[in-house]
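A lone chain, given as structure tokens: the form predicted on its own.
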């Protein structure tokens, strides 16, 4: 196995390319079994009465969009299917494109009956990090006097009757770091008792587990969590069980094969090192 010690790294790059590309080209799909943490979030959105108000805070930038955009799309679709009223916001300065993209590509394309101002509102970005959450917990208009388009909140049917976070039936934080899910727990769900669901990157997800089920309903962790939610949505609404609306499911096979390749390379590398040690130094 000594040849592994001198293997040109370009062969490894090629193997990784094939591991990712082949499942994509063959459109490989793996069955997803939703976990209780994802099921809890889905059930909450599903069971809320029609017209319930949901705050969706997209606290991530373009760097994390690959992990978090699919779950944002799935949650937005689910809320619209249930005719909930969705208020979007972000605590990240580079989070505005995520909000605008969700409204433009999901709501404005798939739910033409939804009207801006009546069924959904974009509050945009507000600087201040966790202070913003602490403030809007008691008074929304101290931070947001108008929406992202410059319209006063009192002139929009959806936000005219919203004074603070307690006026929402569900809070959702999809975050990639600070400020994010931890701050929504500390300054919103924990002191107010408003139900909170979260979506997070794979790196951040472990921070959420201690808060479940007390301060959080559940969590969608990275692409895996998004794929599980897409499967639940497709099972409940068959029209949404299509490849174009199950982006996270589509990404699971390439991710799985890439992880298998990495594990195989680690095992082979360690076996090669043990082989060299057993043979002893070359004379």
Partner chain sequence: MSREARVWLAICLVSGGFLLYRGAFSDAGLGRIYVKPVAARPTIDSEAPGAAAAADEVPQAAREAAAEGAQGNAPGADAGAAANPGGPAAIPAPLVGEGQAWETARRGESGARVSIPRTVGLWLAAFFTLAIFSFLYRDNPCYRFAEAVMVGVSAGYAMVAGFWDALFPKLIARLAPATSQFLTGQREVAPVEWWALIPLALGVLLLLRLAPRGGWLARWPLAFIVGTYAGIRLISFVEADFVAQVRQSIIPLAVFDRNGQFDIWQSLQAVLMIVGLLSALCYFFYSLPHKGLYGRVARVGVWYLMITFGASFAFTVMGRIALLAARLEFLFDDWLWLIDPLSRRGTGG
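Numbering follows the first chain given and starts at 1. In this text, rigid core is short for the largest set of C-alphas that superpose within 1.5 Å between two forms. Predicted model only: the values in this text are computed from it and were never measured.
Not pictured, yet referred to below: the form predicted together with the partner chain.
Contact label in the model of the complex: residue 258 to the partner chain, heavy atom within 4.5 Å: It does: once the partner chain is placed as it appears in the model of the complex, residue 258 has a heavy atom within 4.5 Å of it.
Is residue 251 part of the interface with the partner chain in the model of the complex - any heavy atom within 4.5 Å? Yes, residue 251 sits close enough to the partner chain in the model of the complex that at least one of its heavy atoms falls within 4.5 Å.
Would you check, heavy atoms only and a 4.5 Å threshold, whether residue 168 touches the partner chain in the model of the complex? No, no contact at 4.5 Å.
Residue-level question: is residue 186 within 4.5 Å of the partner chain in the model of the complex, judged on heavy atoms? Looking in the model of the complex, residue contacts with the partner chain include residue 186, since a heavy atom lies within 4.5 Å.
Across 50-74, which residues bring a heavy atom to within 4.5 Å of the partner chain in the model of the complex? Heavy-atom contacts within 4.5 Å come from 50, 63, 64, 66, 67.
Take the rigid core as the frame of reference and indicate whether the C-alpha of residue 244 shifts by 2 Å or more between the shown form and the other one. Residue 244: C-alpha displaced by less than 2 Å between the shown form and the other one.
Superposed on the rigid core, does the Cα of residue 27 end up 2 angstroms or more away between the shown form and the other one? Shift at residue 27: 2 Å or more after core fit.
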